[in-house]
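To begin, one chain is listed below as structure tokens, in the form predicted on its own.
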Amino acid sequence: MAILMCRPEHFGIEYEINPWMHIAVEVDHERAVEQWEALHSLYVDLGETVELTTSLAGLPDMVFSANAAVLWRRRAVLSRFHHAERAGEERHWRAALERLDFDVREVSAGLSFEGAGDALFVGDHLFLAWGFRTDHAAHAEVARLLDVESTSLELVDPRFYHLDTCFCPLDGGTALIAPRAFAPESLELVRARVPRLIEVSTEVAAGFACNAMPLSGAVISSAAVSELQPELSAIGCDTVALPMDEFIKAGGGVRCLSLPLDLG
């Protein structure tokens, strides 16, 4: 697998666009770099190819590369960010993905869509979220542009403002899920579609345990993933818990920092 990442040279909290972000809370930049480097080094040690894009001043959230786009079989549907503070990222992500030979497409003007933050595949089925950052009306366009079947899910807890904060596919039939992040009807849709769900308490999910990357038989996530060791061991998965507290200050974790490129 190849993974797209962006170094955190310009990472910081310069605005407030989710419940985790508070301008008064300073990021320890040296510690953030150490945490990012630990994740990057782990990927390299596991034999993964890491593609890097340039970090740019004035775009502190570019470090969260998962928000760039949703990818499938060399197609990419580019994000159209809900908040103006992040809109400046879009042309840079387009350029990065085109350099990687993706066919980059976009949803209609006026619609918000935030890439793999709100769009995750279980096997070849795409789950799309709405409620905070992505418009429900964008879902049909994304599915059409990627030529996939999809299910729309409503998020109801603002702490879990992106799908990847409360839902993590582990393989074609297994996923982590924080049930209370979803409207009841949406939770039932997931239960009907995904054969094996590992339910995560709201408290553990708030530690960004679901914001994870499954690789090489392990689930790589923030320190909170240690709480899921018994459940994951039961299905043959190890856990790799990394400090992510500096990125959690901005509402992100391991998955937010990582965009898998080899999908479909």
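We number the residues from 1 along the sequence you see. This is a predicted model, so every value here is computed, not measured.
Heads up, the form predicted together with a small molecule isn't pictured, but that's what we're talking about next.
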Point to revise | Option from 31-39, 63-71, 218-226, 47-55 whose residues, in the model of the complex, bring a heavy atom within 4.5 Å of the small molecule | key: 63-71
Practice item. Flag residue 132 as yes or no: does it have a non-hydrogen atom within 4.5 angstroms of any non-hydrogen atom of the small molecule in the model of the complex? Key: no
Review point. Any chance residue 161 has a heavy atom within 4.5 Å of the small molecule in the model of the complex?
Key: yes
Exercise for review: Answer with yes or no whether residue 21 is in contact with the small molecule in the model of the complex, where contact means some heavy atom within 4.5 Å.
Suggested key: yes
Check your understanding: in the model of the complex, does residue 242 have a heavy atom within 4.5 Å of the small molecule?
Key -> no
